[in-house]
Structures are given as structure tokens and as C-alpha cells.
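As a starting point, one isolated chain is supplied in C-alpha cells, in the form predicted on its own.
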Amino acid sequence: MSIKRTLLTSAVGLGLTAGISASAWAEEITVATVNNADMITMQELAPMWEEATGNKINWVVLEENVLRQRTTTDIATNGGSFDVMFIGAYETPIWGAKGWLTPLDDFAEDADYDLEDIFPLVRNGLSAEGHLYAVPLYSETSFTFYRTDLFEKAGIEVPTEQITYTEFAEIAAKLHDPDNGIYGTCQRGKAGWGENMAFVGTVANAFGADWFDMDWNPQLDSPEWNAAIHYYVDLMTQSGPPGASANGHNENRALFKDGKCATWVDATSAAGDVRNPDTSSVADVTDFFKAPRQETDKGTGWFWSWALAIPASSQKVDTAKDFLKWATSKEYFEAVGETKGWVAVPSGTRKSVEEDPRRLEAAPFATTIVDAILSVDPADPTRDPVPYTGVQFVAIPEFQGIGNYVGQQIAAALAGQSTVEEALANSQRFAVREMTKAGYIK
């Protein structure tokens, strides 16, 4: 979809006729978004859409946890504060099924937008009951970032097969050199279901843990959870940076790009930023291998999409849809490639973009990332059978509260404010109470 066509679409949608200025019908939409690199780029490029359509954007840029709190409260109360929300693969199906989001099924009728170009796994993850409710900017799984120069200096052989978390801890300990400003590993410690629990959830999966058994009984006091959280706290205590319980994705990304971390298990979507010499001091000495396994390899790499959606409360749906089409179009990705470099293009959504020779030349790891994303199965995330879907989250409305509470408990254990046993016992009591209140168990 070209800018010219976007303008025409907007004009038709708003009832414009020849000779009448688009600005006479221009609207301002309010967009709530997270403060990550890809969305900062979108803010920089958005004047292209504003100038072409005459519309304006009021950006509300928030830290990830705060964004989730604000958007959840607003949409649950039909507050109408936002016309566009940056949400993910957890919120979209739940909110869509509740009727809180505007369906986007008509995007399939726009040949230029080419909805079929978006990977089916991603489209399905942003749909509910057969209806599309959000369109993706990028999608991701998780893998291990590592410093090739530090591995070589320490004589560590780069893994060619999926290693265990036990082996990973041994590597991190060898590379830990805080006297010279190098930490063996940087992992998420900031509390939040989408922050520390994204990583911790995949570690728990690797150790064979489940959030719930087949009867929806919480399992947070299981031996598997105990082993996983002891491992996590020990790993970060022995080989992590100081104050790790305050570090989320953005903080660890900054540490890694600044050359402070030897390893980091986190989102594949950060690869372009870390490998971009314009934004990273370790662009030419960073490579990747799979996130480790332990008792099982199921659920060791998460699945996530960050996407744009329109609350049902918006009074500016036509303009909001026009913005969504532009912001997730092939032309938008090309604009990012031309202005920021093809290594910086948001990854994991469009087949045509990932196969573009310019993308493959600038980001030779792109195919590996796409293959890793498409290998994730959110319907089969754990060693033992479970009644839920989702790898690093559980796709039920109650998980947001439970996940945040457990994240707080784990962060407290990491900070030394409680023991692992206390954190998990508190988490189990809270989860049992919430699941009983919601009617899953008696």
C-alpha cells in the first residue's frame, strides 16, 4: 500500500471529494505504546503518514509494565483514552473474545496490504473465534546471545546443539569478570508477567514445571518449580550484574550492547539492534545459539508478537485502521530498511520481508530467527500435558494477576528479600485463591 493510496483510502473513508482539502477532515488519534527501539523508530517515521493523510498522532509512550496496566484498565472500563494500543499475543485473543477490540477482518480484502503475507502462526496468535483483532509489527522467540570474542578468549567451544542450563551456568561462571566490567550473564529480573516471568517461565518449562495440572490446580509448590527458581537465583547471584532485580528487557539490552554481558537469553527481536553497528558496541562480536534445555526441550523458547489493535471504544476507527495498515505494511518495513538499515527491520512477521535479498544481506541470521519462531508450538509448551496454551504465559484472563504476583515474589527472592521457598509458597497460595475465586477449582 503506497502513501498515495493510503491518502486516497483515507479520503474515501472520510467522505472527501475532489477539491476539498484532506486537512479539513483530519483527525488526531491517540496511540499507546511501549518505549522500545522498534516503536521509537515508528514514531520517527510516522510523520510520513501524518503528512500524507493530514491526520495527527498523539503518542503516549510508557514503560512496558505501565503500558499493560494503563491499557488493561482503560479497555476493561471502556475508558476510550486510546484509539490504538500496542498489545501482544496474550491480550489480543482474550480481549477480542470479550468484544473489547475492533475486528480487522476487512484487512484481508486489501490486496495491497496482503494479509496472507503475514506468517499464519502470527495471524492465528492475534485472532479469536476466527476473527483478526490485531496486526503485528514484529514477532519473536527467545535464544541465547553470546560474545564470540569472550568465548574465544576463554577457550569455550560454541555449542552446536542445544545445551542444558547446567552447562550454560558453567559457561557464564567462566566468563564472569566483574572486575573488568563483564558479567557472565544478564537475565530479566524486573517483576512482571511480561518481564522476569517471560524468561523464568521458559526456565521453569525446561525444568519440567507446569503452571497448572490438567484440573487447573496451581503447581507452583512443585519440586520442578523449586529446582528452576533455585537455579535462576543462583545463576544471577553468581554470574549476573548487581541489582539484577531492577533489570528488564530494555535494561539488559542496553547492558549487552554496551559490552557488559557475555551472554543473554532473550528476544530474537533484539538481534537486529544488537547486530547494528550504529546502535551497538558489540555488533561484530555477537552471535546466537538456542536457549538451553534441562529436563525437557519443550517450551524453552517463547512465542510473542507485539501488535497494533483498536479498542472497541475508539470513535476514530477509520483513521485508526488506516494508521494500522500503514504501520504494518510492506512499505513501512521498506521505509525502515531504507532509513535505518535492513538489519533494523522488525522481524518475524512478513514472509516477503524476511526473504528480501536486502534483508538477508544485512541480517544473515534472519532465516535462523524465522525458523526458530515457526518451530514454537504454544499448544504443546510443557513436558507434561497441561490444559492451557502459551509458552511463557497462560492464555487465561486470570494469568495477568497471577503472573505479576509470582513475578514480584521471584524478584524478591532474587534481591535476597525472601527465600525461594517463601516466594513459591506465597505464589502457590495466591494462585490457588485466584483460581478458586474464578471458578476453575473448588
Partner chain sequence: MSTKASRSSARLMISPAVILLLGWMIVPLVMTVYFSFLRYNLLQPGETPFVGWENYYWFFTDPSFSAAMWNTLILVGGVLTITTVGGICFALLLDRPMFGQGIIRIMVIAPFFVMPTVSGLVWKNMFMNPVNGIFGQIAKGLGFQPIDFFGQIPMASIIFIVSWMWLPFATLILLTALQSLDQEQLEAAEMDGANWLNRFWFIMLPHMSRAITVVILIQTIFLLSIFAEILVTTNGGPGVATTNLTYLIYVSSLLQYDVGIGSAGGVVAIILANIVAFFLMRMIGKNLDA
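Positions refer to the first chain, counted from 1. This structure is a prediction, so every number in the text was calculated from the model and none was measured. Each form is matched to the other, and the largest set of C-alpha atoms that superpose within 1.5 Å is called the rigid core.
The following text describes the form predicted in complex with the partner chain, which does not appear among the structures shown.
Taken together, 68, 98 and 408 are fully in contact with the partner chain in the model of the complex: each brings a heavy atom within 4.5 Å.
For the options 314, 300, 263, 245, the residue carrying a heavy atom within 4.5 angstroms of the partner chain in the model of the complex is 245. This chain appears without its partner; in the model of the complex, the one residue of 154, 360, 108, 255 with a heavy atom within 4.5 Å of the partner chain is 255. Within 4.5 Å of some heavy atom of the partner chain in the model of the complex lies at least one heavy atom of residue 72.
Contact check for residue 398: a heavy atom falls within 4.5 Å of the partner chain in the model of the complex.
The partner chain is not drawn, but in the model of the complex it has no heavy atom within 4.5 Å of residue 214. Though the partner is left out of this view, residue 183 does reach within 4.5 Å of the partner chain in the model of the complex, counting heavy atoms only.
With the partner left out here, the partner chain still marks one of 399-407, 54-62, 27-35, 385-393 in the model of the complex; by a 4.5 Å heavy atom cut-off that stretch is 399-407.
With a cut-off of 2 Å and the rigid core superposed, residue 398 has a Cα displacement that falls short of the cut-off between the shown form and the other one. Core-superposed comparison between the shown form and the other one: the CA of residue 99 exceeds or equals a 2 Å shift. Taking the rigid core as fixed, one finds a CA shift for residue 411 smaller than 2 Å between the shown form and the other one.
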